[in-house]
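Encoded as structure tokens, the following chain is the form predicted alone, with no partner shown.
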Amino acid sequence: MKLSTRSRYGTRLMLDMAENYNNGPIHLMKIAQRQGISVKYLEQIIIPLKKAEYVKSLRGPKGGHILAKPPEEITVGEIVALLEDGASLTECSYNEGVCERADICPTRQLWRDAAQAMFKTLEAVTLADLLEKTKANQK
């Protein structure tokens, strides 16, 4: 399985904001420059993150975006599940109405189990954990 660009860039956006958590609101332009992602794309990604209350926006000359919670309280699993529209690999694993074979499919449970294993791993890692790993790797 490949994660979408949306999830990968969304995680980078959130990690950048976590790294600058104590520095106040950040303009998307700054994040875009640091991460090599277009501002337009970040503007699209940040909308669901704001709706889910992971990010707050502040207006005005000193405005920008800031994490709504400390980096220790946001997991990569939460970000990916939000930006991938759920924590599953296939639509049939959670919505049997999309496939007439759902009740007899031998792989349906396999896709559920695989998604649970992947998201269990992603949910065990917070933004703060990633920052610590980054700092440790830079030494």
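Only a predicted model underlies this, so the values are computations on that prediction, with no experimental measurement involved. Don't overthink the numbering: it's just position in the shown sequence, from 1.
FYI, the form predicted together with another copy of the chain isn't displayed, but the following is about it.
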Within 4.5 Å of another copy of the chain in the model of the complex, do we find a heavy atom from each of Lys2, Gly86 and Leu122?
-> yes
Name the residue from Arg101, His27, Lys40, Lys51 that puts a heavy atom within 4.5 Å of another copy of the chain in the model of the complex.
-> Arg101
Which pick from Leu67, Leu82, Ile46, Ala114 sits with a heavy atom within 4.5 Å of another copy of the chain in the model of the complex?
-> Ala114
Flag Gln35 as yes or no: does it have a non-hydrogen atom within 4.5 angstroms of any non-hydrogen atom of another copy of the chain in the model of the complex?
-> yes
Mark Val76 yes when one of its heavy atoms lies within 4.5 Å of a heavy atom of another copy of the chain in the model of the complex, and no otherwise.
-> yes
Check whether Glu91 has any heavy atom within 4.5 Å of a heavy atom of another copy of the chain in the model of the complex, and answer yes or no.
-> yes
Applying a 4.5 Å heavy atom distance criterion, does Ser57 contact another copy of the chain in the model of the complex?
-> no
Partner contacts for 4-25, taking another copy of the chain in the model of the complex and a 4.5 Å heavy atom cut-off | Arg8, Thr11, Arg12, Leu15
